[in-house]
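Given as structure tokens, the chain that follows is alone and in the form predicted on its own.
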Amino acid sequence: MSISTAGPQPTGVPGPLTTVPEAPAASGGGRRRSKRRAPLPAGGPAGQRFSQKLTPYLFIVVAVALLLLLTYLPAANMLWYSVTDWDGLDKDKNFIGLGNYIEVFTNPRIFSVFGVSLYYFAASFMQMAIALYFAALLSFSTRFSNLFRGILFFPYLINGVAIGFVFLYLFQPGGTLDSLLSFFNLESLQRQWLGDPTVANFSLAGTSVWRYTGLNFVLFLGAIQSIPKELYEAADIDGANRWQQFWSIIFPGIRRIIGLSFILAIAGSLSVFEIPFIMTGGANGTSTFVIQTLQTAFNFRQVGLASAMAVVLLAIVLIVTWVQRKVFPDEKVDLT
């Protein structure tokens, strides 16, 4: 239906409105309006739906194939080697059942090295405390905060081998640390920092703290900065000081990141390798479980036993992580 005015009307005077019925569409001569559909791909609608379902899998198939080839297949091989007596050279591998696992848990030479991990585990708590302190301090308006952030994160960017050599010169007899102690007339504190078994693990754990504090610092700082600023403004209005803001706002807000750092600390303390291997080679009571595994596989040609040790280490990390998740569940934190 369309609307038109009947007859000519004076300018400015509207005429009566009448309705004019629309003409019926011509059956043959009228132009038919129709939208032309896009041509379907070969195979019809069924083929189009199949290709749409298949497209996401095509994007991930390469990544999954590489993951299976480079991660899960070697892990499956490691499980097979752990129940054999393979020496790493012979083509024949004899199945010996759980003999290697029994050797791992009954040989004090192998299992006792987990005691060395306790030094690094204790050091990881100190590392987290230092990182949390500086992250909370630099999250507030502080002069030269960007400079201090860069200084704290810089050691993590240095290669572990370079850090090992730097601290090797620091701890060597007559090195930088001994010279510094002599400058302050503290010669009585000089030790064989890497040669004395009672001190060596403390020196190596301190080196690990120096290197990895920057990583925890960045994690904590990013979590703190994700907390809404309105909460700090409301706390300032209520008269809360910095310490109260830390315990009431910052610490609950970054509890998930603290839990993640705790898991990383446990896994890292059990699998320490670079620092003690470069600085002492595992001598003077500084051998870790990973160094012991490496020496078992390549120095003593017991790849089967070394594979069992690696499986045990993986199981311990998974169990500790599961226990940590049960004891400290990942609860949703509502600061409002």
Partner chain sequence: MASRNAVVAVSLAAVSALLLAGCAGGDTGSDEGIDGDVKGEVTFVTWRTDLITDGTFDEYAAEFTKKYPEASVKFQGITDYEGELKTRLSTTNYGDVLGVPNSVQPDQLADFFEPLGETADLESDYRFLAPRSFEGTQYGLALGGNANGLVYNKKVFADAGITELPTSHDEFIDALKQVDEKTDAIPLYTNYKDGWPLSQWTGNLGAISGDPDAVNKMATDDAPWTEGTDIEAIDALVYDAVSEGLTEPDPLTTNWEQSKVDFATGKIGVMALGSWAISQFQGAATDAGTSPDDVGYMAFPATAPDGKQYAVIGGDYSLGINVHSKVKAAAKAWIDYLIEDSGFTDTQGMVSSLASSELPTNLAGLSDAGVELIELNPAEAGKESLVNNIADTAQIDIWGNIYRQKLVDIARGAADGDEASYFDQLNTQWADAIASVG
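Positions refer to the first chain, counted from 1. Since the model is a prediction, treat every value here as computed from it, not as a measurement.
Although not depicted, the form predicted together with the partner chain is the subject of the following passage.
Shown alone, this chain has one stretch from 154-162, 214-222, 188-196, 241-249 that lies within 4.5 Å of the partner chain in the model of the complex by heavy atoms: 188-196. Although the partner is absent from this view, Thr288 stays clear of the partner chain in the model of the complex, with no non-hydrogen atom inside 4.5 angstroms. Remark: Arg143 does not count among the residues lining the partner chain in the model of the complex, judged by a heavy atom distance of 4.5 Å or less. A residue is said to contact a partner when one of its heavy atoms sits within 4.5 Å of a partner heavy atom; Val311 fails this definition for the partner chain in the model of the complex, lying far away.
Heavy atoms of Phe273 never reach within 4.5 Å of the partner chain in the model of the complex, leaving it off the interface. Although the partner chain is not shown here, in the model of the complex the stretch 101-124 places heavy atoms of just one residue, Arg109, within 4.5 Å of it.
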